[in-house]
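The chain below stands alone, shown as structure tokens; this is the form predicted on its own.
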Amino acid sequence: MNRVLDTTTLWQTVLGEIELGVSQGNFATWFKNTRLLRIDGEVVVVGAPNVFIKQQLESKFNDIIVQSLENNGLNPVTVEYKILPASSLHRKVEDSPVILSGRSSSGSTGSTSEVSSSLTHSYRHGLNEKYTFENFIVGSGNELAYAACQAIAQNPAAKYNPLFLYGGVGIGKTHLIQAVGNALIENKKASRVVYVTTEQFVQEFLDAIRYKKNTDFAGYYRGADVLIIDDVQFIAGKEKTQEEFFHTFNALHQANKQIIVSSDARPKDIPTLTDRLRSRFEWGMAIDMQAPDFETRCVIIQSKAQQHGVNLSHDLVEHLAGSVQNNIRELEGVLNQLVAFCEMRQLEPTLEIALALLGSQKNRPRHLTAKQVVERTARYFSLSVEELVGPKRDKEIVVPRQIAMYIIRSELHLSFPKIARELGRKDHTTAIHSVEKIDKEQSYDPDVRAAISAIKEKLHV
């Protein structure tokens, strides 16, 4: 028996499946702004925002798109790609009904009643095998989270249970928590690893209620040896789902099973999260993952470039690292655009091409000066520059002064004698001590990390 979906729902389903099979950077760069325009018989027309994305979809990703469309009931199918202005892609268009054959992703057929009754059984562990510890770049902003995840992969539920990772968008939380799951599966240290996004968890819970499969739903998640929940902030405000997750959490924790959770905010900052669930998130270890520093971004770019089989000059790596400050996903997207542009024209990636393609590098760290760092630090702490570089040794001044030295060292790579002079110190050992002290404190003090992050962000505005 056939099913009827509208084009928007169908394409969102297709994109959801594709997202599991490609890296986050590739998905954000090549798929995020696409849309299913229409279906003419056996031809599916997909809209792309520009010629580069259109050519990449045609040459590299057509097979995965066709396969996903077939998995969702369109078979056989040919895909055509059409370039549309960005305004057209973001403007809401009227959905058209699409009749789909009653196929599951495994290719089996069945009636509508059979599809309905099996919805709560169509779970997937959802792990992307590309996310491993081996290709995760460790830096000062994520080394604590990395160490905790490594410990869990070696001995789940022994400590750090639950593990709660939080931080901004695109800084590697999903990569890291999935790396735990992949390592456990590879080493066979856990018989059942379940990875699920909160969006999927919510949808499956609603399906379980709709089709009266609550017992199957609960049994599936509470039978996990390791449960990994991504983007848990989206559970906020959903009272029934929170209640179900609360009971799932309790059952797993009581059975000494490992729970790993990621979020864009720490538990106490998630709005409309129930107190009892918030308290359970804080039972184990909560770790703040920070945006990668300049050196880490350079290493990430070099690593991703090697995966593409291209070599980048030092100047080009620095340019790309300076173009995106806080989001690894965007950083990978920028590199993807450059590599794709050069591949299509059989060119070697150069700084000149990057400048022409991606625009001027307004955020390049080497354009900064130590004076700017001092001014921004003083402004952040409501001090004057004279106070920051003056002789006073009050704690309210010494700590900001040390933070300024740390930022100058990490962003501008000045020598310690130069750093000392910029902050009005005569002895360069003061600068050495300050940088080492702040480097250590920022690994465990959220206030110090927040100050460093805020000042760095202001430096590039």
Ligand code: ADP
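From 1 onward, residues are counted along the sequence shown. As the structure is a prediction and not an experimental result, all values here were calculated from the model.
There is another form of this protein, the form predicted together with the ligand, and it is not shown here; the text below is about that form.
For G170, a non-hydrogen atom is located within 4.5 Å of the ligand in the predicted bound form, even though that partner is not displayed.
In the predicted bound form, at least one heavy atom of I137 sits within 4.5 Å of a heavy atom of the ligand. Contact between Y131 and the ligand in the predicted bound form is found at the 4.5 Å heavy atom cutoff.
Put simply, R376 is far from the ligand in the predicted bound form: not one heavy atom of it is within 4.5 Å. Here is the short version: of T248, T174, N72, S323, the single residue with a heavy atom within 4.5 Å of the ligand in the predicted bound form is T174. K304 is the sole member of H319, K213, K304, K257 with a non-hydrogen atom lying within 4.5 angstroms of the ligand in the predicted bound form. Although the ligand is omitted here, in the predicted bound form all of N142, I300 and E332 have a heavy atom within 4.5 Å of it. With the ligand omitted here, the record of contacts in the predicted bound form names 324 to 332 of 217 to 225, 324 to 332, 156 to 164, 235 to 243, defined by a heavy atom within 4.5 Å. One change in the predicted bound form concerns N327 and S410, whose Cα atoms lie at least 3 Å closer than in this form. Pairwise change in the predicted bound form: Q442 and S262 C-alpha atoms lie farther apart than in the shown form, at least 3 Å.
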